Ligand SMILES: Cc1cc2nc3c(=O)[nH]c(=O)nc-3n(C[C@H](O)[C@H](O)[C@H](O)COP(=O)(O)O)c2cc1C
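In the form predicted on its own, a lone chain appears below as structure tokens.
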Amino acid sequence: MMNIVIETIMKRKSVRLYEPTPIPKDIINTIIKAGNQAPSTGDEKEVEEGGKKRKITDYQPWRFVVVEDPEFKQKLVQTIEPIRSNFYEGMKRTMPEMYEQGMKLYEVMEEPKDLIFYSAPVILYVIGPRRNSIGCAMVCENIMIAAVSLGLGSCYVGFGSMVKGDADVVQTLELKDGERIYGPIVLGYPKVDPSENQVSTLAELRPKKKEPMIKWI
């Protein structure tokens, strides 16, 4: 049984090679609105009205930061790269197979090589309370499915959240105590004519989906 929603979900994959083509802002806004539709248990916060404080439940406690500026992207890379590099060095011993995969990807990348954001035109930060991790994760999934439906590729990049070592980055993202970065998610148009080496390397990196484990009761 297939329909357009199921087909879109089945087409989603992590894309790591992008065209430099900018994404129109109306498309980015549509993707964010789709993310904003995710279900949530809400998050309790304190607000001040008329000089009095009261507690309310915010059912959309997340927010979004869209990064397109090349200089800020470079600042993000410079902040994260030492962490990524140290992690990869450790992988040589603890996860040699994954290390080899990462090195193969690096070899087939075009200059300038970027193993963090894959030179995607847009980095989309989803930021929300630590205690609302389930809701924020569902926001990210909505975003990636919406991206596929609009002809875009996406990839959830965990290294992209490791930015707290730079005070300027923290200030620009307006990160507050108790908040967490979910993702970020990179977005862009998948590379149109990847080389044979790039295609085969990415195919190796992409794990084959197993059949679901189901117990019927």
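Residue positions are given as counts along the sequence shown, with the first one as 1. Throughout, rigid core stands for the largest set of C-alpha atoms superposing within 1.5 Å between the two forms. Being a predicted model, the structure only gives us computed values, none of them experimental.
Note that the form predicted together with the ligand isn't included here; everything after this is about it.
Participant: Check S14 for me: does it contact the ligand in the predicted complex (non-hydrogen atoms, 4.5 angstroms)?
Facilitator: Yes, S14 is a contact residue.
Participant: Whether Y118 contacts the ligand in the predicted complex should be assessed with a 4.5 Å heavy atom distance threshold; does it?
Facilitator: Contact with the ligand, yes.
Participant: Can any non-hydrogen atom of R206 be found within 4.5 angstroms of the ligand in the predicted complex?
Facilitator: It does: once the ligand is placed as it appears in the predicted complex, R206 has a heavy atom within 4.5 Å of it.
Participant: Applying a 4.5 Å heavy atom distance criterion, does G158 contact the ligand in the predicted complex?
Facilitator: G158: contacts the ligand in the predicted complex.
Participant: Within 4.5 Å, heavy atoms only, one stretch in 35-43, 22-30, 165-173, 149-157 touches the ligand in the predicted complex. Which?
Facilitator: Partner-contacting stretch among the options: 149-157.
Participant: Heavy atom within 4.5 Å of the ligand in the predicted complex: which residues of 19-51 qualify?
Facilitator: Result: empty, none.
Participant: Core-aligned, is the CA shift for R206 between this form and the one not shown 2 angstroms or more?
Facilitator: Yes, because once the rigid core is superposed, the C-alpha of R206 moves 2 Å or more between this form and the one not shown.
Participant: For T21, is the C-alpha shift between this form and the one not shown 2 Å or more after core superposition?
Facilitator: For T21, whose C-alpha is compared between this form and the one not shown after core superposition, the shift is less than 2 Å.
Participant: Tell me whether R16 and T201 end up closer or farther apart in the predicted complex, going by their C-alpha atoms; the shift is 3 Å or more.
Facilitator: It is closer: in the predicted complex, the C-alpha atoms of R16 and T201 lie at least 3 Å nearer than they do here.
Participant: Could you tell me whether L76 and P207 have their C-alpha atoms closer or farther apart in the predicted complex than in the shown form, knowing the shift is 3 angstroms or more?
Facilitator: Farther apart, which means the C-alphas of L76 and P207 are at least 3 Å more distant in the predicted complex.
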